[in-house]
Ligand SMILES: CC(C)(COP(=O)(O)OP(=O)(O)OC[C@H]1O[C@@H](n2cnc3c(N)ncnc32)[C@H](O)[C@@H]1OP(=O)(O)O)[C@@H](O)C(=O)NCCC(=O)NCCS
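Quick heads-up: it's one chain on its own, the form predicted on its own, in structure tokens.
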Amino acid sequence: MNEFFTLKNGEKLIIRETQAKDYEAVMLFLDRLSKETVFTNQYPGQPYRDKENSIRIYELPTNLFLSAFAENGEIVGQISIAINKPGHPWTGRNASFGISILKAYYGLGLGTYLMQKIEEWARKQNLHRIEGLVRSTNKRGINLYLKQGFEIDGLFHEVAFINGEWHDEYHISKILR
């Protein structure tokens, strides 16, 4: 899947599934992301992930990893969704997602577009529920999720110790009807 997406500022991005050949670009993206925000689990100086394991995860049919590429080939945003327990008779239709976008691309429609893409995929997989976590101070992310029909299910207290402070996270979900 190669799709073109035009941001609100007119810049064109290529959206496609993350592939083995993208491993280095993904690591550069995650490193940059770790320096820009505390709203993900990426952190400065984080060791590289195991390349073979990362590639294997990209290729699982129960997962979808999408990357948004600028014209220069740099990844500027990513989203992933994974079925939590594939094949489980009771919970095998639930999936978890995560999204990350560089600050320069906030507010330009990329988050909404990527969220719509994972929901399309989830519906094709006959999934019932999509869920995720969001830091309680991430107002922009919370607004995006609520706009996409997600609900806040609960609050996890003091999940992440960042810069000398504890941060809470919301559990969010959307039932696909």
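Numbering starts at 1 and follows the sequence shown. Here the structure is a predicted model, which means the values were calculated and not measured.
Beyond what is shown, the protein has a form predicted together with the named molecule; the following relates to that form.
Visitor: Would you mind picking out the stretch of 117-125, 66-74, 47-55, 143-151 that comes within 4.5 angstroms of the named molecule in the predicted bound form, counting non-hydrogen atoms?
Guide: Residues of 143-151 come within 4.5 Å of the partner.
Visitor: Using a 4.5 angstroms cut-off on non-hydrogen atoms, would residue 81 count as touching the named molecule in the predicted bound form?
Guide: No - in the predicted bound form, heavy atoms of residue 81 and the named molecule never come within 4.5 Å of each other.
Visitor: With a cut-off of 4.5 Å between heavy atoms, is residue 177 one of the residues that contacts the named molecule in the predicted bound form?
Guide: Residue 177 lies outside the contact set for the named molecule.
Visitor: Using heavy atoms and a 4.5 Å limit, would one call residue 130 a contact residue for the named molecule in the predicted bound form?
Guide: Although the named molecule is absent here, residue 130 would stay clear of it in the predicted bound form, with no heavy atoms inside 4.5 Å.
Visitor: If you check in the predicted bound form, is residue 26 within 4.5 Å of the named molecule, heavy atoms only?
Guide: Residue 26 lies outside the contact set for the named molecule.
Visitor: For the stretch 27-41, return the residues whose heavy atoms include at least one within 4.5 Å of the named molecule in the predicted bound form, in the order they occur.
Guide: Residues within 4.5 Å: 37, 39, 40.
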